[in-house]
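Next come structure tokens for two forms of one protein chain, structure 1 first, structure 2 second.
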Structure 1
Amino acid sequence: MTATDGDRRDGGRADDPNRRHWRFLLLVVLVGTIIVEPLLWFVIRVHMPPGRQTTAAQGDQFDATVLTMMASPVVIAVLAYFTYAMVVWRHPKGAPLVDGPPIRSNLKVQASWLFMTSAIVMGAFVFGTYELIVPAGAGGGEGPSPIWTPTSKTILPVQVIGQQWQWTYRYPTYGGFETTQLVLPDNTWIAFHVTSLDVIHSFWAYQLGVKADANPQVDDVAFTKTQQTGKVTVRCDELCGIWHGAMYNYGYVVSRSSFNSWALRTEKRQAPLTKLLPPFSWTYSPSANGAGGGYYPSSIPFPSSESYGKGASGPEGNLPGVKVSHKGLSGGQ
């Protein structure tokens, strides 16, 4: 804070108490920032949640680190300032009460503050938007008509169905079989199609960096690309009733060949059950009489709403090592 008119009368600029305070505070902020920023980048970043299992997770990790690095100087400055103020400008106990200098405003300080906060905000916005759009929606649910989509031609669609109180997964490219176990191939773009059969749930695959609300009769699509094998925790992230807390299960990212053999095996084993399921559809509605928990497919069938990832929905889906087939679908319509 530079001198006000009132202060200038007290003495020359060299003795100006304001300058002394400023110098010290700037020094503290500078030193603090120089220490903290490399620590954040080189030490903390790799440990930041949610890990690097997918591009979305790695993006989250990177973004959280960058935001922390942007915020750190601000936090250091504010904390340093308050600490300094409390120590240096403390009114001694028992001393007669005198007022501080009547500083009412300071245009330079106010303008710089406005400029700095605006710059930080605009920086955060531009960075956030870039990180949202470029990695195909950053793993968030984009609704039934996603606008940020992967350019890859090989995208594995996986339907995630939430119901009170469990997650199940259907693989439309493998005849639409349904399983309680989420298994994904490594190094592959995945399109999660999240929907619900009852209330709102939210599909949160923590290590995948994916979160999308499961709304009844809504197909909420989220993309990510796997890049490490390993275990995945899936939790429900939207309160969905009494057993919401127990609505979690686990999944695995495995090698492409393991995935392919698992999928083919499961498709074959589940075939008699798959026939009893409602035909594959992006969303389901309770059947009219609700008897037996029956559901009917409530929207247009599988291939026609596949508008993302040009060519991805072609029958020959081009997923190397992964069999892409629609045979289970056409039979059920």
Structure 2
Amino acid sequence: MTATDGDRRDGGRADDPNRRHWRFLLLVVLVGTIIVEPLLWFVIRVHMPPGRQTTAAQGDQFDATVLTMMASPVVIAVLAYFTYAMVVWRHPKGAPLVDGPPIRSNLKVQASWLFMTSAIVMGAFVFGTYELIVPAGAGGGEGPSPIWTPTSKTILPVQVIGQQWQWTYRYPTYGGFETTQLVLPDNTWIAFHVTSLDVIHSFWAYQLGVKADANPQVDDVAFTKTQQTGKVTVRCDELCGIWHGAMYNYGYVVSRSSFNSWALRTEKRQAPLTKLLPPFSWTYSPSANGAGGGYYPSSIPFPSSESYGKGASGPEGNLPGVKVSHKGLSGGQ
């Protein structure tokens, strides 16, 4: 028995014409990978979403780039194979149909496939786990007891309050005023404390690379550091009711001096309204009828205004009636 006969038994003949096809395809994949990988890292990476407005966003950009680079050889191989098959192995027009040779198992191919796919999956697992835990939790909510906290001594806390169907923000270091405007200072560590007044929402600040669930009675903390000024789009990323799609607003990252001026000015302007809010807390108890008008009373909504009784302010209809004018506040029934 010759060596060629032995090769025929295991389907790996030395003169197998398919070998040149596989060698050519392997060469195409290698060349394509060598060309595409540097392009992804040096050219495409800086344009990958969500950008670099914060450390969390830059981390997301890095993760997306690495995963794209891991997937690109697989994509190149699939495209190369299908293109080569359609061009080289296509059935000639008008030629009679002839059954191809039987397909036999190949231990080397099977072992290689299992090894490569396992390596890719385990690599993605290790990389993803590291990125979620080590670099600031990747901008995701870490619950009330974060496993990672910034080492900076100057962290600006911003409370994010979700309710059907709007976002509001409280600034505890500036008197606890509440506003529908999200304004952040540049080059500053931010601690988002995300909570809800009714159902489950999800705070998604796209350009900031921050996404944290807003659960009632839960303080979900997410850290990030601003790096660039610019506009921020905030959306709810959890189906929360009929107007879920309309639950969004916009914010801005501005210079530190501009933020300080805005915060002090807003604190002063909102002072009469801030007095009517519940005392600042990381979570609040919604009213018996649920939120709906931007209010979130506790068991005693406004202790200083109990004498007003129940009015018709807001869709809930069970809050003290308060009329607001440019001169200040006045109670009403």
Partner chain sequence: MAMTEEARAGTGQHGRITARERQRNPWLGQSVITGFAGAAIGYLLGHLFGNIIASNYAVVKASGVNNVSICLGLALGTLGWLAGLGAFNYAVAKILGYEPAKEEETTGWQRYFKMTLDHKVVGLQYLIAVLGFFFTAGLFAEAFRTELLSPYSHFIGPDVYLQLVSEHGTMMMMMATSLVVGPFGNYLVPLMIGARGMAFPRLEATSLWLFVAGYMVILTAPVYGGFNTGWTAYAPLQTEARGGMDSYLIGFGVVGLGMILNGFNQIVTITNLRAPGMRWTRLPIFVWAMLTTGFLLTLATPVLFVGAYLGVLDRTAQTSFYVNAHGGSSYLWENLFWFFGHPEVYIMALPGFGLVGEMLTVFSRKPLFAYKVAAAGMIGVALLSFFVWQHHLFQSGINPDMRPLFMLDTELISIPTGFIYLVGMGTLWRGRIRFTLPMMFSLAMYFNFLIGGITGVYLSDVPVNVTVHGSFFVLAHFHYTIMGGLVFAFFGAVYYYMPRVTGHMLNETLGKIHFWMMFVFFNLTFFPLLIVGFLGMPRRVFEYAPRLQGLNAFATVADYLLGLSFVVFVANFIWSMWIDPKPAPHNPWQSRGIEWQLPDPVPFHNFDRLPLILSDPYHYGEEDPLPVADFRGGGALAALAEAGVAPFDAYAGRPEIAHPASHISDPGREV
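The term rigid core refers to the most C-alpha atoms you can superpose between the two forms while keeping them within 1.5 Å. Quantities reported herein were computed from a predicted structural model and do not represent experimental measurements. Counting starts at 1 with the first residue of structure 1 and goes up one by one along its sequence.
- Only structure 2 comes from the form predicted alone.
- Relative to the superposed rigid core, the position of the CA of His91 differs between structure 1 and structure 2 by 2 Å or more.
- Relative to the superposed core, Gly128 shifts its CA atom by 2 Å or more between structure 1 and structure 2.
- Comparing the forms between structure 1 and structure 2 on their rigid core, the Cα displacement of Pro101 reaches 2 Å or more.
- Relative to the superposed core, Ala77 has its Cα moved 3.0 Å between structure 1 and structure 2.
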